[in-house]
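Given as structure tokens, the chain that follows is alone and in the form predicted alone.
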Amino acid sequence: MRKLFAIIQREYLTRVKTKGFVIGTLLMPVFIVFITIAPAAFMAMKSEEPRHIALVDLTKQVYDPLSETLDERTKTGERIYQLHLVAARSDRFEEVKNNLKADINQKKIDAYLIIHQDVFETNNVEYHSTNVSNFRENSEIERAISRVVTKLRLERSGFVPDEVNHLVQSVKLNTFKIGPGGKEQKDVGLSFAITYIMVFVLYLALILYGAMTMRSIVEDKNNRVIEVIISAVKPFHLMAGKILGIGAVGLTQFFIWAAVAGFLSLYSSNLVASFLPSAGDVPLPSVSLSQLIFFVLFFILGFFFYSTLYAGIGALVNSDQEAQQLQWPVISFLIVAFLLVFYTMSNPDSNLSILFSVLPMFSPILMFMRISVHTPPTAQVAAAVIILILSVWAMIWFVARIFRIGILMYGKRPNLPEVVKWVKHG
């Protein structure tokens, strides 16, 4: 047992003391916060540069109401969208367009709009500019013109626009998530983002730490260190030591990340409000203690399941190139599980979701997803955990027999019949 702990200590300390571990551990929470807040922050940023837009209004009805509608201003009170009416006759239309193109090239204006006479029937207007990739600007102009054209249509038909707008006003769906014990929390969809990030981290961690176990064995084989180690410890203890040592590295990072997630969950409203004052009224989801516990539990069980497979691959191959080729069947299980995340999230109680969430190769990701979205019956969670534990035990028995012989094999990679013989006689 002392030798086993020595291997665990070696695998753990050689990785925890590296700069990569420290940097990765510190940067991951920063990265998660960044990808959560940054998109909303960037979307909320508005250009303070006025936009000079020439407007060719062939209907002679849109310019005035559009100027009133596009009334967004900078902090200094200057209009952002400054419309300049351009007179145009049908017989000189192309000449006017050429003049406007020249004005754009000479930077006298930023863009020009053409509103044709048949806009009330076709719903089409033209926007010409050197940059048409500002989707926020395009959307604002499109919505403003739509409101003006719709209002003019209603007036033409004899309706009162304000009354019609009130009658056709959309219904807003307020969503409330019911948690354990009947506690309700308003949820505008942000819990999806939190759950998706946690599942994505779990997916990456299983691949990363499993592959780390495989590379550790391949490196020891290539350096012939494995022969020295095997002379002092049993092959099973070596495999167990590497798996437990690298698993402890992952748990160390997860406990640090869990502490950060707990802190952010407690003070998320204040943090978001400091970055995005406009989001102060948005109810932010929190990460519950049970969610963190299941996150760690399924990481541990999933790690043992997949790292055992990776350890067997490391024992079979002689180089990183061979390892990369042979690990794809293992990675495929994780990819399929990740692809099923969206279906499981939308249909957590479907027969397909239940089936896949209890299968050991998928349950670390899919059962955690179901627990986070809509807590399944206790019997299903217990079944997934028990089946995963039994599968881990079976994989350790199976891979240990391969590991016992393959760890000292060099040269040609064994074929499937040879591996079967190792299992029989290991």
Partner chain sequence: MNVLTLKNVSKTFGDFYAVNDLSFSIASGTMYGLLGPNGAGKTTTIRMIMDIIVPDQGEIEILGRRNSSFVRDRIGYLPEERGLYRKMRVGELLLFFSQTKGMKKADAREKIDFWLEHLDLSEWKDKKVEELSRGMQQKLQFITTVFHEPELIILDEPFTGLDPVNVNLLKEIMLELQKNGVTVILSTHLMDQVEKLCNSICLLHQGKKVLEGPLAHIKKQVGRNSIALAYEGTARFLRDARLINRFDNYGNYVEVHPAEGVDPQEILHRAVQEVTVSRFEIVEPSLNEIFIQTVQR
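Numbering follows the first chain given and starts at 1. Source: prediction; values computed, not measured.
What comes next is about the form predicted in complex with the partner chain, which is not displayed.
Enquirer: Within 4.5 Å, heavy atoms only: does I230 come near the partner chain in the predicted complex?
Expert: I230 belongs to the contact set for the partner chain.
Enquirer: Do V225 and the partner chain come within 4.5 Å of each other in the predicted complex, heavy atoms counted?
Expert: V225: contacts the partner chain in the predicted complex.
Enquirer: With a 4.5 Å heavy atom cut-off, would you call D103 a contact of the partner chain in the predicted complex?
Expert: D103: no contact with the partner chain in the predicted complex.
Enquirer: Within 4.5 Å, heavy atoms only: does D110 come near the partner chain in the predicted complex?
Expert: No, D110 sits far enough from the partner chain in the predicted complex that none of its heavy atoms falls within 4.5 Å.
Enquirer: Within 4.5 angstroms, counting heavy atoms, which one of the listed stretches 232-240, 130-138, 155-163, 351-359 is next to the partner chain in the predicted complex?
Expert: Careful reading of the contacts points to 232-240.
Enquirer: Which residues from 1-15 come close to the partner chain in the predicted complex, meaning a heavy atom within 4.5 Å?
Expert: Counting only heavy atoms within 4.5 Å of the partner chain in the predicted complex, the contacting residues of 1-15 are R2, K3, A6, I7, Q9, R10, T14.
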